[in-house]
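Starting off, we have a lone chain in the form predicted alone, written out as structure tokens.
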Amino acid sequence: MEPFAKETREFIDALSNTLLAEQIFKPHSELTTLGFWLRASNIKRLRQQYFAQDNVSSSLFLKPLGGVLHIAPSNVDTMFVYSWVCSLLVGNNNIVRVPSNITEAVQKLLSLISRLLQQPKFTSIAQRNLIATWTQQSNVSATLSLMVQARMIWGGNETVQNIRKMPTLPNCRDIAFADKFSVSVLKLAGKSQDEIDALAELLWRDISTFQQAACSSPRVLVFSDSPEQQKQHLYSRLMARANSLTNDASTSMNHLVARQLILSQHQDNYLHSDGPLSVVKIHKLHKDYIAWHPAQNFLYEYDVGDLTELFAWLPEQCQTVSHFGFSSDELQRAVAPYLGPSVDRLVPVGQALIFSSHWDGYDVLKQLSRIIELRV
């Protein structure tokens, strides 16, 4: 099928409209976010970017790769749709493996997709796409790896390494998404309580969605030019949101274990707060801190003099830097000298989990396409 074919766009539009309209999906904010990303205006924007004359001259043609195998992650249960839709849009046939621990939200989503694909006008899409689950111990992934032209491998380092051990066709592309973590940089000087209250709501959205398990959820709050009084006000608002949740015993135990590990082995850190929201102030970011991070509303606090200090310090595994309180000039001056292996995206606080077709340094739509050159 041609990239951005009318039938594909109509299917995605129907999926978006139903997610945003039907009451059954309202309790699941991740499905509302997905429906918003799938809306027609966003797909139109992606189409314009994909075919932009700056990127594709009249002698270059964009075509589908063929078959794509998607290995979806378990920490962000709707990610399989973003991966699938990107490939579907550029015309590929797809096999999507979803994790076996299907949540209520994903069950509703799969039922909706199945219902839409049963409509006669979407028959050709149904015939070229399969969403299924199978155990990692089976040979299904290995068998399919020998049949496809690309593999979208989500799930972190271990999954990437395991899938890459499976032989592929010589021309198969692996688009791999390894372990990453993210930070928020905040400048609170001169901000009113109302502004910090609004910041807390946006920050809480980035932290709490998917229980902080997504790579783009901030695990470190980095403060620059932020008086202690305003930091404490921010924490009080975050704590109020955390206290509204049911804090189960396993979460408390996971926080306790992480805190004790850090405090026992790195004495220059101290506990800043605890409870349903744990905050540990650190004076450096040891690689163990990322490995020990238990998610579920657990934060590191780190202070820097200015932004250049932060970007010189960020390790390679940093994916998203969400920001608040800085001007565009401040951000560009700080980032430009350090663009390289770390930091894939900078976005305002509150937008950390909004999916983009530019992810982990990939232009995903182009990675899933063949670019054919014609010279005469």
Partner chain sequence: MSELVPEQWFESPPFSMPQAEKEIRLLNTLKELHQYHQAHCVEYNNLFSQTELSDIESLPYLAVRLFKHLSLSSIAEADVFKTLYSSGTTGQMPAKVLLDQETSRRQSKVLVKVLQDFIGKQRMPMLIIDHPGVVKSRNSYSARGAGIQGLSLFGRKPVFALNDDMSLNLEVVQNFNNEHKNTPVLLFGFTFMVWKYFIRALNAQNITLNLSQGTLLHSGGWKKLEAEKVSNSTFKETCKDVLGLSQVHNFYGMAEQVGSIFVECEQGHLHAPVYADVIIRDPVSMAVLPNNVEGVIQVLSIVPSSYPGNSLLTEDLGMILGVDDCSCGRKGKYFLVHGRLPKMEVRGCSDTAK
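Since the model is a prediction, treat every value here as computed from it, not as a measurement. Residue numbers count along the first chain shown, from 1.
Another form exists, predicted together with its partner chain; not displayed. Remarks below refer to it.
Stretch-level contact analysis of 82 to 90, 224 to 232, 156 to 164, 112 to 120 against its partner chain in the model of the complex, using heavy atoms and a 4.5 Å limit, identifies 156 to 164. Residue contact check for Leu261: one or more of its heavy atoms lie within 4.5 Å of its partner chain in the model of the complex.
Using a 4.5 angstroms threshold between heavy atoms, Phe298 stays clear of its partner chain in the model of the complex. Proximity of Gln149 to its partner chain in the model of the complex: non-hydrogen atoms within 4.5 Å are absent; the residue sits far from the partner.
Taking non-hydrogen atoms only, Trp204 never approaches its partner chain to within 4.5 angstroms in the model of the complex. Site annotation in the model of the complex: the residue of Asp179, Asp174, Asp303, Asp197 reaching within 4.5 Å of its partner chain with a heavy atom is Asp179.
The contact with its partner chain in the model of the complex, taken as any heavy atom within 4.5 Å, belongs to Gln136 out of Ser192, Ser124, Asn243, Gln136. Shown without its partner, the chain has Arg97, Pro99, Ser100, Asn101 in segment 79 to 108 as residues with a non-hydrogen atom within 4.5 angstroms of its partner chain in the model of the complex.
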